[in-house]
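Have a look below at one chain only, the form predicted on its own, in structure tokens format.
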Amino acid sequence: MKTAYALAIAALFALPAAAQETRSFTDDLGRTVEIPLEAQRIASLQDLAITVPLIELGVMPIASHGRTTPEGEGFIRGSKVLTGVDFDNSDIEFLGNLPVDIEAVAAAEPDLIITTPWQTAPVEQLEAIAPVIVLDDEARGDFEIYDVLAEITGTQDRLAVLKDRYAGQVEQIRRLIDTVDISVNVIQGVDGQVLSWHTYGALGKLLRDAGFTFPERVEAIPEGQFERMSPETLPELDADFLFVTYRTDTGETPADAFAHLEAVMPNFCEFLFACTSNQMIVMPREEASASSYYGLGVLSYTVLSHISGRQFEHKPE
């Protein structure tokens, strides 16, 4: 049911919105929506998938979904380290988490709302406020979402610069590291199981684009998917270099990354060549997983600094 407040706000601002020049857009639910030709007040309802990419494209949303600290303070996950922008140093309004606060969305007076299937705020309620586009970031992929956001916001030139910079970073890695002769993987301990991905976010994209190889067990995972595995699979996930992440936004440290793997198997390091050879690289999850071209740059430098020019051992066959 639409709240009375949301309906009242929608009615109040219906005439200015209607006066805008519009165009038709078909979203990832197959809905054809009339959206502003040049949206000025975008509300983003997913921080990592929508808000961070918009900011990197040079588009500042007027309001955003976010997370909350234990003290109840809102923050845009990963944005402070990826873009430098957060609720506390910008005019972006905090809309709540999952679901966002419909009344807060209405009070922000957006002329366009961009959401994802992950966000549980009902589309029919949001439609009473402003045109709503639903973009499926999981189906499109972490970085393909940039293409549609750039098309919606007219920032294709900015995206072209970001892509060119990333292409240069990948070329630099390929020039300085014999990637095809080095195996890599990303693992994570969660609730006593080990997780591994076909392609783990930005880090996985970089490693694959740069030409590194992955264990056969990982190649068997369908593209875009991950698997939860038992402790016995740890040796199958091993590689010359292993990457492990931890969540800085929840206060985790590298020690937590190791503790999660210890919960999978005590003395786990003894079963992994990369760990016993000091070739396991631990890094913050925000830079490793987020849809961010800045994050890709950080990861490129990390890979270069840890692997290029280094004497290391290959995992025995």
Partner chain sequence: MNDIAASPAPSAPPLRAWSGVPLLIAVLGALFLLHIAVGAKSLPIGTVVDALTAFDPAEFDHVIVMNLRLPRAVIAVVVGACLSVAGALMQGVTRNPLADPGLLGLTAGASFAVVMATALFGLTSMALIPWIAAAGALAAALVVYFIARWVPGGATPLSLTLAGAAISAFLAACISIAHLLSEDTFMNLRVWLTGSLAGRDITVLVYTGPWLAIAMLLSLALARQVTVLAMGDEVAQGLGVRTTSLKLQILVAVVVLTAGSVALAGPLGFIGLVIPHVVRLYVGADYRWIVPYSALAGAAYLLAVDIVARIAIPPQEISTGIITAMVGAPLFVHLVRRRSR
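Residue numbers count along the first chain shown, from 1. None of these values were measured; they are calculated from a predicted model.
There is another form of the same protein, the form predicted together with the partner chain; it is not shown, and what comes next is about it.
Asks: From the candidate stretches 106-114, 154-162, 232-240, 88-96, select the single one in contact with the partner chain in the predicted bound form, where contact means a heavy atom within 4.5 Å.
Replies: Within 4.5 Å of the partner lies stretch 232-240.
Asks: Within 4.5 Å of the partner chain in the predicted bound form, do we find a heavy atom from each of 41, 248 and 253?
Replies: The answer is no; none of 41, 248 and 253 reaches the partner chain.
Asks: Give me the residue from 259, 265, 29, 275 that has a heavy atom within 4.5 Å of the partner chain in the predicted bound form.
Replies: Only one listed residue qualifies here, and that residue is 265.
Asks: Looking at 127, 144, 227, 136 here, can you tell me which has any non-hydrogen atom within 4.5 angstroms of the partner chain in the predicted bound form?
Replies: Residue within 4.5 Å of the partner: 227.
Asks: Under a 4.5 Å heavy atom criterion, is residue 80 part of the interface with the partner chain in the predicted bound form?
Replies: Contact check for residue 80: no, nothing within 4.5 Å of the partner chain in the predicted bound form.
Asks: Would residue 180 sit within 4.5 Å of the partner chain in the predicted bound form, counting heavy atoms only?
Replies: The answer is no: residue 180 has no heavy atom within 4.5 Å of the partner chain.
Asks: Please check if residue 191 has a heavy atom lying within 4.5 Å of any heavy atom of the partner chain in the predicted bound form.
Replies: Although the partner chain is absent here, residue 191 would touch it in the predicted bound form, with heavy atoms inside 4.5 Å.
Asks: Closest heavy atom of residue 140 to the partner chain in the predicted bound form, within 4.5 Å or not?
Replies: Result no; residue 140 lies far from the partner chain in the predicted bound form.
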